[in-house]
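The chain below stands alone and is given in structure tokens; this is the form predicted on its own.
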């Protein structure tokens, strides 16, 4: 590493962290990534509490009265929050009215009634209506399950509160009616059908003194979202630090600054200086986010859920990922003449970066499966997927992250070498942007 490379790296590092944009991005990026979740939680009860008028056509003749009673119970207890003077309505009332079925249950009569009710929904007199066929109360034989379905009609398909309430209420009442028709005690049957709770535990162990250690309860949410959080963090850092290299090199090329830089240092020294400076910026970002995350976990009492040994591996893979993807962004910036031309080369690169997001759920569920092992050893996806596998208990054999690091290091070296050749030729080139085949020729021939 030459002195000129170090000077360029320090300059790039200081230029990045001294800007207001850098500090704003540190704060705003987590807000953009996770702010929608917080907003949804804050606004979950900020809904329209106007009454929802619902009509029921009960062809069974046995469910309407019970549904009216259930709606009344809900409207007096389930739609309020708080007690006493602080009691506040946070959900709409469901005003249920009973519409008698046609005197003659012919298909034509049912269609006519359905059309009339639909017109009332379109006119705003009803929010929705549903028709209960008489077959829903028939006990279904084991070898021929009933296919009778309640028809729910609404002009608001995205509003599912009414639909979910009706589905739960009608199912409960239909079960009771079916049991009654079979002369079975509803209370006893429901008690016998109480679900069995299966507790998710780890493995039992012995301590150094040989004493028995009971298995600890597994935190399923932490086991699932901790890998996802590390995946998001690495992706964020790569996008914040590596992607701007393309615009930086392109601007220097368009403004003829690159010609002055080449007069002072070799193209490879310039490229390596930019990459090392970017790695330094990524380490600052990772330190900031890790410190905040660990403090938050410790403050909330979940500090023990984060495996501290992953920090070292995260930093190693993070540096290699920034070098690998940063070299590609630099080579694209040097090869093209404007951002429009760069889009054609960036698209396949972004698809490669997004591969871990397509695979991470399967990897989390079965981190030791052959598919997960092979996917995590694919160099472009290794930094993210290998960390995902390491974050899921009980972890993976040490040789796998070491092999992954070697593969990523080899791929990074190849990318930097190829990018160096493209950077050297493309930095001073003007005119039409090279085709992909021409870029390959630059890499091979130098």
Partner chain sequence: MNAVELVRVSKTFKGCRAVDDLTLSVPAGSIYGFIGPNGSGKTTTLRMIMRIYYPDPGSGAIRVFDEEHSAAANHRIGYLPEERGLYKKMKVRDLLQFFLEIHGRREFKGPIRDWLKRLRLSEWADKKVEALSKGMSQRIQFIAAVIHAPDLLILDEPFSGLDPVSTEDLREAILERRRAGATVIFSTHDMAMAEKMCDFIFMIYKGGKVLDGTMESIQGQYGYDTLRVRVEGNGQSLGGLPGVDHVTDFGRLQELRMAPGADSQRVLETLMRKGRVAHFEVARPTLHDIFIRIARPEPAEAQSDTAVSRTR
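Numbering follows the first chain given and starts at 1. In this text the structure is predicted, and so the values were computed from the model without any measurement. What we label the rigid core is the largest C-alpha set whose atoms superpose within 1.5 Å from one form to the other.
FYI, the form predicted together with the partner chain isn't displayed, but the following is about it.
Enquirer: Sort through 296, 115, 264, 312 and report the residue having a heavy atom within 4.5 Å of the partner chain in the predicted complex.
Expert: So the residue touching the partner chain in the predicted complex, by this definition, is 264.
Enquirer: Heavy atom within 4.5 Å of the partner chain in the predicted complex: which of 260, 193, 374, 203?
Expert: By the 4.5 Å heavy-atom cutoff, the listed residue in contact is 260.
Enquirer: So which of 165-173, 349-357, 180-188, 247-255 is the stretch with heavy atoms within 4.5 Å of the partner chain in the predicted complex?
Expert: The contacting stretch is 247-255.
Enquirer: My question is simply whether residue 439 lines the interface with the partner chain in the predicted complex - judged by any non-hydrogen atom within 4.5 Å.
Expert: Heavy-atom contact with the partner chain at 4.5 Å: absent for residue 439.
Enquirer: Taking the partner chain as it sits in the predicted complex, is residue 7 in contact with it (heavy atom to heavy atom, 4.5 Å or less)?
Expert: Although the partner chain is absent here, residue 7 would touch it in the predicted complex, with heavy atoms inside 4.5 Å.
Enquirer: If you line up the core, does residue 62 shift 2 angstroms or more at its C-alpha between this form and the one not shown?
Expert: No, its C-alpha moves less than 2 Å.
Enquirer: Please determine whether the C-alpha atom of residue 228 is displaced by 2 Å or more between this form and the one not shown following superposition on the rigid core.
Expert: No; that C-alpha moves by less than 2 Å between this form and the one not shown.
Enquirer: Answer yes if the CA of residue 265 moves 2 Å or more between this form and the one not shown after aligning the rigid core, and no otherwise.
Expert: Superposed on the core, residue 265 moves its C-alpha 2 Å or more between this form and the one not shown.
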